[in-house]
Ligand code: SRM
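Only one chain is given next, in structure tokens, and it is the form predicted alone.
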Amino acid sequence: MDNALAPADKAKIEARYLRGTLAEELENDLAEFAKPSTAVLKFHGIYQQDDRDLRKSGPKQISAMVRVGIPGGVVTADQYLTLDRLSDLGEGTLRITTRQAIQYHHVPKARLRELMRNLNEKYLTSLAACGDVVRNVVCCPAPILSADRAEIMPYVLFLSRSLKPKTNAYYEVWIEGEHAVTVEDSADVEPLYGATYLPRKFKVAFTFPGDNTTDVYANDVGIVPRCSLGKLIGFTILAGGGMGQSAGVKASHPRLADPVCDIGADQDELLEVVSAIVTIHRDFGNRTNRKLARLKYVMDDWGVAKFKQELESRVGRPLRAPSQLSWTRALDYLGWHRQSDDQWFVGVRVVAGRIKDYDSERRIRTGLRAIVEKFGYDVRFTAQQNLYIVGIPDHERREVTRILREHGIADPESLPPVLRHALACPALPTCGLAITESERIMPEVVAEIQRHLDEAGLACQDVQLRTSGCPNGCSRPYTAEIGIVGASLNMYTLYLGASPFGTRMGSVFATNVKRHDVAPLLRPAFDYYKANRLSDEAFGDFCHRVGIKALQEASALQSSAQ
């Protein structure tokens, strides 16, 4: 690899451990930060954006997207109410991301410091929610009553805390030195990252055996606990996953992680191994081409055997072969579920993750706030853009149900199957990378696809669908049974054949599909599936078994018949 300092790394060094000129720019009256500062802002969990709907009608409307990292998606009632209240500093909505974070959109520069200070007072932070560092550590947050699970949230929090950047810049800039969120006091050194941090972002996910609700294979590092009768006995470690690809860069591609090794249940050993994998990315990731800089490309080049050899050299000992993994579900726990002998949790469907009051009949934000205010329940955000309200006693279940219904928060079982589990990235008008629409068109696309499924005699069929406004794939479309990926304005690439358990990616079914042609183009595949599927065969598994060519031929045959 070329040892010359890349422009991105040079900028990181000049930013002096993430300080840049942010503090000075917060003191001026300009509506936006200077361009060099926008790269530094990302490490602080902030993207400077403009409303792309308004670009042609006048001056840019500059604002910020702020992402609050929430390890494992777990917040207390007090923290949830704070997150809800602070949404009024932006557009008045909270958005659950596919990594269990919360995003605020349209926050003015002049309100950023106020937002950060209020978050900090409740032990919440946006530090490292974006940028070339380990981002929010995700975990299946469902408090399922099961002998096959153990409490792993302490491991999630420990790993998240340990892998955060150590610079004091965040607190100097936003909190003015008030350390409400505990960090180590080492302002001028990054023992893990170094002055140039990582070549690109790095994502870590935990999930439980058999329960891939976090899409663990889509991460740079996946961590699967090994449990026995509710006792944690170790972890299986995966590495090398990542969904992003770049339009026009043929060498870029999504990739699933590979199982690498098994380790014990000790927190320090877990941190040691994950940190060593982070340093492999730090030292061998591509620093000359950011579009090919993720850890997955190192794994592509080396293979698992060489990767494991390098990992063992860094931890100083051999590592056991990974355990065999198998999966039985990947869908969120929506609706009511037992949490303990006398408590329940309820999974609330949040379409596209957008917590807002849509109209007088669908007051999602108000209804959730009313429940948390009245009862003080904790809340858990999921990697599928939903949330769980947890710790509900038997005698309060009826009242919670009443409040949900009163505010138009639908019982998930009443929703059409495709809408019940669909994901979408924000895309236009706020995301600077978006090529075309995603969140705003997803409900309509889902309704059209559901209609064709109904007409094909598949009204009750669960089919996972995800839309993305560009090939970066933040909504993980490549591991969905139907992936709809923006290719150009109002044009999409369709992917079919992914495993419903997230263990196999889909393949390209059609390219340059106009938005209104998506559902009709899929109809022949639905008819073919209805006529030729095996007993209990999922749609993605069927598409994989028969092959993309057969699906394309079926589509062409039906089109010619019409």
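Please read all numbers here as calculations on a predicted model, not as lab measurements. The numbering used is simple: start at 1 and walk along the sequence shown.
Although not depicted, the form predicted together with the ligand is the subject of the following passage.
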Practice task
Using heavy atoms only and a 4.5 Å cut-off, determine which of Leu368, Ile223, Leu159, Cys425 is in contact with the ligand in the predicted bound form.
Solution key: Cys425
Practice task
Name the residue from Cys140, Val418, Ile389, Ala218 that puts a heavy atom within 4.5 Å of the ligand in the predicted bound form.
Solution key: Ala218
Fill in the blank from the handout: Answer among 73 to 81, 167 to 175, 281 to 289, 472 to 480 for heavy atoms within 4.5 Å of the ligand in the predicted bound form: the stretch 472 to 480
Practice task
Consider Ser499 of the chain shown here, and say whether it contacts the ligand in the predicted bound form, taking contact as heavy atoms within 4.5 Å.
Solution key: no
Exercise for the section: Mark Leu256 yes when one of its heavy atoms lies within 4.5 Å of a heavy atom of the ligand in the predicted bound form, and no otherwise. Expected result: no
Practice task
Please run the contact check for Gly242 against the ligand in the predicted bound form: heavy atoms, 4.5 angstroms, yes or no?
Solution key: yes
Practice task
Could you confirm whether Arg67 comes within 4.5 Å of the ligand in the predicted bound form, counting heavy atoms only?
Solution key: yes
Practice task
Taking only heavy atoms into account, state which residues of 77 to 110 are within 4.5 Å of the ligand in the predicted bound form, ordered by sequence.
Solution key: Arg95, Ile96, Thr97, Thr98, Arg99, Ala101, Gln103, His105
